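Just the one chain here, the form predicted on its own, laid out as structure tokens.
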């Protein structure tokens, strides 16, 4: 029983928690990011995104004016990132930034589209229309639209699929164009995206004269499936299927592009998930963001084609991630080396990468698996990532961001230890590689499409978010106390007709079987895969669902050697952490009494009420022995434990009160 996301226009989120996040994105993040894309925030790293589109448009205009006398730029490799001598005074006819810089606009316009769909804003729409004009002016007559090669020369276009991200930029352009079209009905950007996709379709394939390659950085696959479902044009579905089927097929395409040194034991194709055909893959490997974008496209293909072998691969890869390679926060990607998955159970907290984009990609993958089969193993992880590893990536003012989301931070180490330079103790205003900030914006503005999906006769609630929506002749209002309480109320009102209402409500893994349901006594009730199916509701109903939410101490699998002898504290979907602001420095010297009761308190440190936790524990010091073996080491001294109350705050809020130490895991007394 496949399901599809609801139309975002038909979902009104009115949730005390998520409305605050969505309003932050609408009022602060989207305008701030537009200023960033135009290099108008002095304290932030320049983006050059709109500069590049303007430069490409100027070059395109010159080409049309000069006709046959126009001289095409000759491609010269300028490096993965090109920067001007004076960062604030770039030449108007040169490309700057990373090779994938175009995608920053596409993610921004996608968030704009979702925002306009639920909150019409004439001024924002006017700005977006102007931006679209700039972007479309850069498009070549054959449909190609990537400013890196338009500006630097087209003679090397599609010659470095592994590294140069043209197909990645196509994917994000499609996603942004569809979002804006669905919100406004305006198809200028959608037509540009279709023309680019048509050009790609004419270039790639197994036919004679075509390029037998596939994207280096995946996302085109899932975007092309969405373009197919939006337009009904089969060529986009077939192109997406080609990219997925071709990946990992021998001889490996990236090996032909970049012959691997014989003395290098690790095949670079693992980094791109291109080491073997996708249906044979069992373990999530390589760049974490690329991986979950690919797996999302694979799940789309499995749903649209009924390909069981592909679905089985998706399930194996999901289990590989969530059972062996996922942090307790929903973060994925254990190493900064290649922003990649490490080997199973290698999850260091202080050098974790856990890129914000990777958690967002995991949410994409989860929703697509839920469309195929409602199973709380997918929605539990989706919720975990949303409340923890994703929201931690943005400050409370929406104007600074984390790229990397570690589980343990000592600021001195971040500043002085090269192995931890990727870990930042405070959020940054922007990044040269700025994939994460606009990714957060587009996810939060489209949240309703992740909370609910529907089949022909059943509404699935995957996330408990206060909302109003309509389905099959019923108006439905949902009130949710999450993440502070597990109380949910669902009011259904018939708008005419005799059709019964069928609901599927997720029972989160964090409450187990500890829940109470009332108000659905007249319906048939069954439980399957963590979902409560309420079938045959008629008329008006008020259903109450009380999910038991208690703070709990949890430990990692013993194969996660980093966390042996340590514990973490969770409450419902929220992971908690210590900060030195509340507990003093040297958090490694703090140990929790796991047999003690956990106290819930309300604090106002963040400008609004927050549920914090306190647990009894001790600060451990060592005293007594002065018998030195060397200048640095001495015989074991006496262990002294000073009783303390350990205060814990939600992980998503860390580093909002200044720089300091942070740790999710705590030593066990």
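Residue numbers count along the first chain shown, from 1. Bear in mind that the values here come from a model prediction, so they are computed numbers and not experimental data.
Another form, the form predicted in complex with ligand FUB, is not on view; read the next lines as being about it.
- With the partner omitted here, the residue from 403, 196, 95, 181 that has a non-hydrogen atom within 4.5 angstroms of ligand FUB in the predicted bound form is 403.
- Listed residues 586, 124, 433, 395 were compared with ligand FUB in the predicted bound form; 433 is the one with a heavy atom within 4.5 Å.
- Here the chain stands by itself, but in the predicted bound form one stretch of 164 to 172, 186 to 194, 595 to 603, 576 to 584, 164 to 172, has heavy atoms within 4.5 Å of ligand FUB.
- Using a 4.5 Å cutoff between non-hydrogen atoms, residue 531 does not count as a contact of ligand FUB in the predicted bound form.
- At the 4.5 Å threshold, heavy atoms of residue 360 stay clear of ligand FUB in the predicted bound form, well away from it.
- Contact check for residue 355: a heavy atom falls within 4.5 Å of ligand FUB in the predicted bound form.
- Among residues of the shown chain, residue 301 is not one whose heavy atoms approach ligand FUB to within 4.5 Å in the predicted bound form.
- Not one of 17, 385 and 484 places a heavy atom within 4.5 Å of ligand FUB in the predicted bound form.
- Taking ligand FUB as it sits in the predicted bound form, the stretch 205 to 224 comes within 4.5 angstroms of it through a non-hydrogen atom at just one residue, 217.
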